[in-house]
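We begin with a single chain expressed as structure tokens, specifically the form predicted on its own.
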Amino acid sequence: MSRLESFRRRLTAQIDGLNWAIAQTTDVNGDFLEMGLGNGRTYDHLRSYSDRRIWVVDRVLQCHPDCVPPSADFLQGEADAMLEKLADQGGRIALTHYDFGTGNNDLDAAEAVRMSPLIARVMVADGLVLSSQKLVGFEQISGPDSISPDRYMFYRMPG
């Protein structure tokens, strides 16, 4: 598969996965969390399809100008410290989109395992996590049929 085809597959998985997760969390109380703002495309998608507060965690703010989150919702810094800050403030998250990655599979996998308990601290019971990396401590569930299980993973926070 070419890199371009892989990119298309990733974008399709993100769109289908986010749409599915938004629908699955309509009865789950809590905010949304975007981990890895990047250009802001998935953040923009979330805010276009939901009126919930969306917390954003990233090291730097370098997104498209139309996708800048409100300053009160942007937690700039290292993810572990920002998740602890959110938890200490009483953050209650119904849906997390975990989109961190450097392209180094070993480093990305290790970071996802390290972030997992910190993500769990802010999640509400029955909340969902979408991730391109394998996480630990959550119940892995099947997402939409249109997404290959190795492309995106879906997790439910135990109740």
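On a predicted model such as this, the values are computed, not experimentally measured, just so you know. In case it trips you up, residue 1 is the first one in the sequence shown, and so on.
There is another form of the same protein, the form predicted in complex with a small molecule; it is not shown, and what comes next is about it.
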- What stretch, of 107 to 115, 88 to 96, 24 to 32, 120 to 128, brings heavy atoms to within 4.5 Å of the small molecule in the model of the complex? 107 to 115
- Message: Is it the case that residue 69, even though its partner is missing from this view, gets within 4.5 Å of the small molecule in the model of the complex, heavy atoms only?
- Response: no
- Query: Should residue 52 be counted as a contact of the small molecule in the model of the complex, where contact means heavy atoms within 4.5 Å?
  - Reply: no
- Task: May I ask you to state whether residue 47 is within 4.5 Å of the small molecule in the model of the complex, using heavy atom distances?
- Result: no
- Is there any non-hydrogen atom of residue 134 lying within 4.5 Å of the small molecule in the model of the complex? no
